[in-house]
Structure formats: C-alpha cells, structure tokens
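Only one chain is shown below, in structure tokens, and it's the form predicted on its own.
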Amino acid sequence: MKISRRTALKATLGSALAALPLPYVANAAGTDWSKLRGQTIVINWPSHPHFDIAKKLIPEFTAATGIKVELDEMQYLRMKDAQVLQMSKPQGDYDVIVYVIMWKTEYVQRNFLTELAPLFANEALAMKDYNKDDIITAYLEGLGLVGGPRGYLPGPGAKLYGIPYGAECSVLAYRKDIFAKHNLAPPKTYDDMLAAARKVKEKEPGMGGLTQRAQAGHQVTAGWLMHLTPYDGLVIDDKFEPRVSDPAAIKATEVYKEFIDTGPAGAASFDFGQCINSFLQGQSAMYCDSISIFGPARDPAKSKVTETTGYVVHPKAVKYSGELGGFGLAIPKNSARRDAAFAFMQWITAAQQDVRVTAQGGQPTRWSTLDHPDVKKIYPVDIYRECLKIANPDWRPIINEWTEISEKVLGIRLSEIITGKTPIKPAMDSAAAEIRTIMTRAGYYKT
C-alpha cells in the first residue's frame, strides 16, 4: 500500500484538544529537535481504544516540534501484512510502526527494526528527562527486548528494539451486584471462577458466566492462552518440543471449553470486541482478559455496568500467571526519517503524555503514572499493580513461527473443540504433531 506524504492529518485531530494547554515543549526538556522541523513521519498503528485517545495528542506534538504526522490506521490483525510489505523494501513508507508483542522476534530476526540503545545514547536526540527506568519493567522487557533466552526473554544477549505503548496484562472483572445476589465471593481461584460461571448460567436467565474470545484463528488461541499457564501448561518447552497435549494443557482446554459452555449466547464465535461488549452490556457476569477494559467499563456511553464492576487479580489455578502482551512502538530500519521517528516515540511515551492518556481511559506505560493523583482517582491502581506482579513474559512463545502456530494450528483445532466437532485429546494430539512439523521444518531440532 502506497501512502501519500501529502495527506494532511485530519483537521478534527487538530481541534480535539485545542482548548488544552500544551505539554512541555521538547526544547524546554533540554532537547533541541529544531533540525527536525518540517519533516513528516508516517505511523502505522491500530484502531484501538488506547490509540484513539493518544492520537488526540498528535497536533500538540507537531506544535511542540514542527514534525508533522500522518497516520495509517487499521484493524490490528491487518497491520502485520502492511508492515512486512513496507519493511521489506529498500526504503519503506513507515517511520514508526505499532507492533503486537508476537511479532517482535520475527521482525528483529528479519533485520526490520532499528536498535534503540544507540539513539538513547545520542545526546542530540534523547530527551534529557525521559527516564527509561520509569517504564513499567515487565512491559519494557516483554515488549521491547529481543535476543535473550529463547530469543525473546530478558537476559544475556537481549537488546532493546521497541518501547511499550498500549501494553497490557490480564485482570478479572466481575459484576458485584450479581455476585452479591448469589452469595458469591470475588474469585481467587479457578475453582471459584468455575463455580460462579455455573451458578450464573443456571440462575440468571439470558446471562452467561465468563465471556471470552473464541472466534476461529488468533482469537480462540488468545482465549485459550488465558488459562494455559495458570494450569502450568506450555505451548513448547525449552527444547522447542510441543506440549499442547500434555495433561496440564488438556486440563486448561477442558476448563476453557466449560467456560464457553457456561458463557453467554454466541460465545463460541466471539472476537475481542464481542467478548468485552458482552460484559459491558450486562450479558456476562465475568470477564478475564486485557486490562483495556478499565477505560470502557467506566464510560457510560459504552457500558451499562459502570457502577457494578469490580476487579480482582487473574485467579490462581495451579499457580498465578497472567497475560503479558499488547503493543509496542518501533522504528523500521529502512525509515528515512529515523531521528524524527525517535523524537515522536519519546514524546508520546513521556511521563506527561502517559498521564493524560491514562486519565482518559488509556493503558499506562510508566510507574509514575500509577502514582499520579489524577490517575488514582479513576484507575484501579492497586489491583493493576498486583496484576503486573504475575504478568508472565513467557505467556506464549514469541518465535517466528508463532503466527502460523496460533492461527493455522491451534486456531483451527481449538475451534473444533469448543464447537464440539472434535474431542479434546485427539484434537490436541493433532495440534502437537502439526506444531512439531512446523518446528522441524524451521530447523529447531539439532540432529
């Protein structure tokens, strides 16, 4: 897709925050970006609640720096094809990309991304008060680092290629009124959560217990992963052998299917939007997925349960283990405007912008944001900190082959299971064999 750099940013963005005071200008922070004035950068990012809020700040970035911005905005699962196309060229149209955590290792191994450490070491470009250490540790490591253990975990060999933005962990939201009506305590364990799902399905006509993602492909795999590591299951082990038909994975799959069976009407085909809307519209008593629910749940234009939603940490099965995922910002290696792209990445993730986006319903990037009084007024900070403690950087294997495994193997076999087409054990045995074929083809096993 060819993007015209003559396309102006929509005027509505310019007027959206016209009445708000400008945040600190780059020069006021001790950084001279004057040589970058007049440049235009193109950013590929998702249609997503966090980014819908963040894009309102873009006119302020242009006012502060003189750098113009064009957005190529699309549904997030469509972004990868567009990004790979542009980053495979000698010079691409994208100067900043928003990537999903699953893509980071592949992008680095294909030599698509710019390493960020040299840019942060450049005194002419680095914001003096940026404070990279203030970025939530699990997010910076999980979304930003590539090259460590297993190729994607923090440790020896890991280098920084991205900055988390729109990062997330998992949380359980529940209907306080429905739980009180049926004398149910907020779930601490999977047994609690299963018992609540069964009772709600039995006692509340038209309401399901737990809403989940389950649409064939990426979505059903994402829904299943919510339960895999809490049961101490793995997709692959340290030797890259598939473990999806092990007893722990089978148990997690049985639990996932029961949640679908006791869930709201149509649950077996929900994508993420349908999943979250089922809870927000009062069709489900529980939601266990991304913390991106925090903003919509308190917005009366989107939610019917603004006064009745409670939160607890992702419950314990065999162990506590929560999601670590979401989005990050990176600079394609073939960008011709790397310096301006780096200026944008720093500015949009700086402390003041992070507070403003979070206070309007976005997802925080920094520890200091969680301490800000404006954020504490409207954000369940204490629960969020607890969720971060159990966020698992090895929630899924972030290897080059993950998209194929997620969408074409697990995304098909799990769909067959939850729709009743195939029993659990035979379907997961087939998935394990297919994963091993993929890993063999990719050369993971040394003879």
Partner chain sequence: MPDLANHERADDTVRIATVAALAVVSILPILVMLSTSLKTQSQIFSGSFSFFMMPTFENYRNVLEGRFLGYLGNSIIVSVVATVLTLVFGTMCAYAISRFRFAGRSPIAMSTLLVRTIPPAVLAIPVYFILTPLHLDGLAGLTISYIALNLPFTIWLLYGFIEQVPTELEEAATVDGCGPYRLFFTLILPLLKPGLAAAAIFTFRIAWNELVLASILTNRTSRTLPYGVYLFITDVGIDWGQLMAAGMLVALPPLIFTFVAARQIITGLTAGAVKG
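Values in this document were obtained by computation on a predicted structure and should not be read as measured data. Positions refer to the first chain, counted from 1.
The form predicted together with the partner chain is left out here; the points below concern that form.
Within this chain, E70 lines the site of the partner chain in the model of the complex, having a heavy atom no more than 4.5 Å away. Although the partner is absent here, P49 is a contact residue: one of its heavy atoms lies within 4.5 angstroms of the partner chain in the model of the complex. Looking at I58, you'd find every heavy atom of it more than 4.5 angstroms from the partner chain in the model of the complex. The partner chain in the model of the complex comes within 4.5 Å of no heavy atom belonging to F294.
Although the partner chain is omitted here, in the model of the complex none of V98, Y165 and K425 has a heavy atom within 4.5 Å of it. This chain lacks the partner; the member of K376, K319, H182, R78 within 4.5 angstroms of the partner chain in the model of the complex by a non-hydrogen atom is R78.
Exactly one listed residue, out of F272, Y130, Y231, Y190, brings a non-hydrogen atom to within 4.5 Å of the partner chain in the model of the complex: F272. The stretch that touches the partner chain in the model of the complex, counting heavy atoms within 4.5 Å, is 84-92, out of 131-139, 84-92, 249-257, 364-372. Residues from 292-329 that approach the partner chain in the model of the complex with a non-hydrogen atom within 4.5 Å are limited to K304.
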